[in-house]
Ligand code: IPM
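Just the one chain here, laid out as structure tokens, in the form predicted on its own.
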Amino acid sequence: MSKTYKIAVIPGDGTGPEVVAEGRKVLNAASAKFGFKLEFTEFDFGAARYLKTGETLPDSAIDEFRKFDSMFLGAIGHPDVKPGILEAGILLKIRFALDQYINLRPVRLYPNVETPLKDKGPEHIDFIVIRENTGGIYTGHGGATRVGTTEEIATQIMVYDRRTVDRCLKYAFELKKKRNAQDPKYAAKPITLIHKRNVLTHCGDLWYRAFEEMGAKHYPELKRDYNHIDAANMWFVKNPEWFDVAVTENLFGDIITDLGAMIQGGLGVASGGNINPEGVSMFEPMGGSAPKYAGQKVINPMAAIGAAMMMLDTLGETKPAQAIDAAMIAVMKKMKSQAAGKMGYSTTEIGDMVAGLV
């Protein structure tokens, strides 16, 4: 009997529904070829619902999401909604409520995709950033007093406990171990902790000690390295080939993964996963809702298709995920560019081509 996966879909705003449609198209092609089933359930959370009802994400929705095997997100955001409302009310609420404590961001330069880095190719840019996804400054500890006066004070505190740090590091070490077994080129590189322990002496020291202790005790065969966050930003640009698995805390990870997206060719090809290894995970293209392109069928769906591929791989459907990856590479080689409106094909044509090659 074939396995059935229940997928919650939030198409979202702007071009989100367009790229989600192509991701679903490719997922359906993979399920038909490899003999598993997908049941999609759509939810209308996003700007349109908020502007109409004032509601972002009710608690009842979280209970609904727990019933699914995975989640597929398009994009959230609209110029008529104040920044932070949808992000905190939908995205952060889902991450925290479903304990999606790993943000998984592959940084991979595909063939025929341009990078702004001179003399760098796919052989140089192929690593993964693991961002701790539910702790740190984003937990909202802090506050503001005397707001609106010249004496206004605002605080936002980086908060971490050993359990939160350890479970993120364990995921990173296990992923590094898996990649080392896949290819000797990965085994030659270290797992890298990124922080700012020379200044953030408390949180940085906690992360560093936990990293060194876990590595020495449980993964002594794995090479380890440490970078300050500012140095890591420089090395991402100058020597991306030094990295394989990099792990960092929430705020630094948020920043450094956008840098990663640019060196792999832009947000049009960057995908990510919000992972709960023991629960429900959510996958998404890293680009925004791009409302100015909505309805024109010129947006690049590759990031959404890549997110769909990541979802299948996380669900244990490795061969279908590999087939999608190969199809993406074949289609990218035909595209003129990964930029919106310059691809040489429409959004739907790219989805059709990838689905046809799975």
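Keep in mind that this is a model prediction, so the values were computed, not measured. From 1 onward, residues are counted along the sequence shown.
Beyond the structure shown, there is the form predicted in complex with this ligand, which is absent from this document and is the topic of what follows.
- Within this chain, residue 99 is remote from the site of this ligand in the predicted bound form, having no heavy atom within 4.5 Å.
- Within this chain, residue 249 is remote from the site of this ligand in the predicted bound form, having no heavy atom within 4.5 Å.
- A residue is said to contact a partner when one of its heavy atoms sits within 4.5 Å of a partner heavy atom; residue 80 fails this definition for this ligand in the predicted bound form, lying far away.
- The closest heavy atom approach of residue 91 to this ligand in the predicted bound form falls within 4.5 Å.
- If you check this ligand in the predicted bound form, you find a heavy atom from every one of 95, 138 and 284 within 4.5 Å.
- The listed set 241, 166, 254, 225 contains one residue whose heavy atoms approach this ligand in the predicted bound form to within 4.5 Å, identified as 254.
- Among 87, 230, 205, 161, the residue placing a heavy atom within 4.5 Å of this ligand in the predicted bound form is 87.
- Stretch 130-138 is the answer when you ask which of 108-116, 263-271, 130-138, 173-181 has residues with heavy atoms within 4.5 Å of this ligand in the predicted bound form.
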